[in-house]
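Here's a solo chain for you in structure tokens, the form predicted alone.
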């Protein structure tokens, strides 16, 4: 039984392989352009259950990944796979808390909790000299977005286009080195396991859980209908 909306939300998201859109090719793209060394020190900020840890370790096979998430069950899930790997440290807490220094900070789909400027400013003292940050942020890909494209982000107040994200990056004292859209593969890698979990949870779901499942299905349908207009933009940035 789930009595509270937040409980129902985490019931849906428990055991999903990822907590946001993305694919291993996104990590590889950022790591290559960043010139990541094999022994790089990496922060996986707001890591969820650790869906990107494997790709990060492939990019820096003799390095170290510190993965942190505020939701303890996600870290517990990551422990099942990565807890015995000496190259990985798993922490529960604020994604800006680890002190580093880090050569590479990776944040997939979670910067919006703080805003681009606030997140980059918080991570600046955590970067090693020459360090870079890669993050994905909601982005409009058209000057005339439809109501459905805007509705997908549920009134996110900082929603803007690529130029607007770059302006926020510059305001935080950083330079945008490169950008890349999170592609359909990345989104479906997130949504298809969620659809399968929705189907498993539907029978016997109470009112709170049913509402969360309905909302998730509506979100998936909105993205599929408007994916040409909006999505996540992955930005690779460095201190100016």
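On a predicted model such as this, the values are computed, not experimentally measured, just so you know. Numbering follows the first chain given and starts at 1.
The same protein also exists as the form predicted in complex with a small molecule; that form is not shown, yet it is the one meant from here on.
Legend entry - Residue stretch of 82 to 90, 109 to 117, 139 to 147, 154 to 162 approaching the small molecule in the model of the complex, non-hydrogen atom distance within 4.5 Å: Selected range: 109 to 117.
Inset, instruction - Would you mind picking the one in 59, 65, 212, 46 that has a heavy atom within 4.5 Å of the small molecule in the model of the complex? - result: By the 4.5 Å heavy-atom cutoff, the listed residue in contact is 46.
Legend entry - Exercise: residue 169 in contact with the small molecule in the model of the complex, heavy atom 4.5 Å: Residue 169: no, not in contact with the small molecule in the model of the complex.
Inset, instruction - Tell me, yes or no, whether residue 134 is in contact with the small molecule in the model of the complex, where a contact means a heavy atom of each within 4.5 Å. - result: Residue-level check for residue 134: no, no contact with the small molecule.
Inset, instruction - Using a 4.5 Å heavy atom cut-off, state whether residue 52 contacts the small molecule in the model of the complex. - result: Judged by the heavy-atom cut-off of 4.5 Å, residue 52 is in contact with the small molecule in the model of the complex.
Inset, instruction - Look up in the model of the complex whether residue 69 has a non-hydrogen atom within 4.5 angstroms of the small molecule, and give yes or no. - result: Yes, residue 69 sits close enough to the small molecule in the model of the complex that at least one of its heavy atoms falls within 4.5 Å.
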